[in-house]
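Shown below, as structure tokens, is a lone chain in the form predicted alone; questions about how it binds or moves come after it.
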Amino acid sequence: MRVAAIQFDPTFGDVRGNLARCLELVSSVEADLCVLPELALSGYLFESRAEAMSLSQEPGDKELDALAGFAGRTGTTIVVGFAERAGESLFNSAVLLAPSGSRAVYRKIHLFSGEKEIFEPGDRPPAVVEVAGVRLGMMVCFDWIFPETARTLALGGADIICHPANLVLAYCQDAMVTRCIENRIFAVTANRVGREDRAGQSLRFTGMSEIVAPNGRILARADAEGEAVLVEEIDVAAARDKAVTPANDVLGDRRPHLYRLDE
């Protein structure tokens, strides 16, 4: 299948403009799967929870309808990060929009820095969604530093981790190589670029979106600056072979009953 990581620079607060840019970028490539960055519609540095709520969507809102319509017309599965409104709750989420019209939402479990003042942490485990015979899992940005997130998806049978991100630390992209090796899984990390100066903070996003193979090989990586569309043809079967040697399997050799602290 053909997978794409879309790297772009959202304009804070311009939901309509950011949506139009997302549609323009995904329309520029023929792919079975396109992954867009974290909080791609709103931008990242909120001054308050109220501001974030004003820029949020529910999974069935019209902004996501536009991307879902593209998925239905082209057969492209789209994963995009957004601020999810759920009643009085607010989550940093990613939604998977399948060509069939189905939608699956993942709520970021591990909140980074000031996100803790804006969002609630995800309230359910990461799940695996099957689309056209391919098993897709989602994680969002800072989930990368917790090996349990990717391992949970691998144990659930995921072939590909879809990873919308707003990465700012220098070593995040390299860490995803390790996540792929230790789980023998593909990862599509779609990071944003640019800078935001708001709420008394200044953040520069690191770009370098990437597509990584189960053996840790970086199939494609974007530059640190500038928008980019990465596309790679992958063989999903490679993620279903968990053998490291003829005698070793990265999931089968696990010994969970010993993975605990002594009491």
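From a predicted model like this one, the values you see are computed outputs, not experimental measurements. Start at 1 and count along the sequence shown; that's the residue number.
Omitted here: the form predicted in complex with a further copy of the same chain. The next part is about that form.
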property	result
Heavy atom of each of R21, R49 and R85 within 4.5 Å of a further copy of the same chain in the model of the complex	no
Which of 67-75, 147-155, 133-141, 188-196 lines the interface with a further copy of the same chain in the model of the complex (heavy atom within 4.5 Å)	147-155
4.5 Å heavy atom contact, D241 and a further copy of the same chain in the model of the complex	no
In the model of the complex, V250 touching a further copy of the same chain (heavy atom, 4.5 Å)	yes
Contact test in the model of the complex: A98 vs a further copy of the same chain, heavy atoms, 4.5 Å	no
Partner contact for Q201 in the model of the complex: a further copy of the same chain, 4.5 angstroms, heavy atom	no
Contacts with a further copy of the same chain in the model of the complex - residues in 28-65 whose heavy atoms fall within 4.5 Å	none
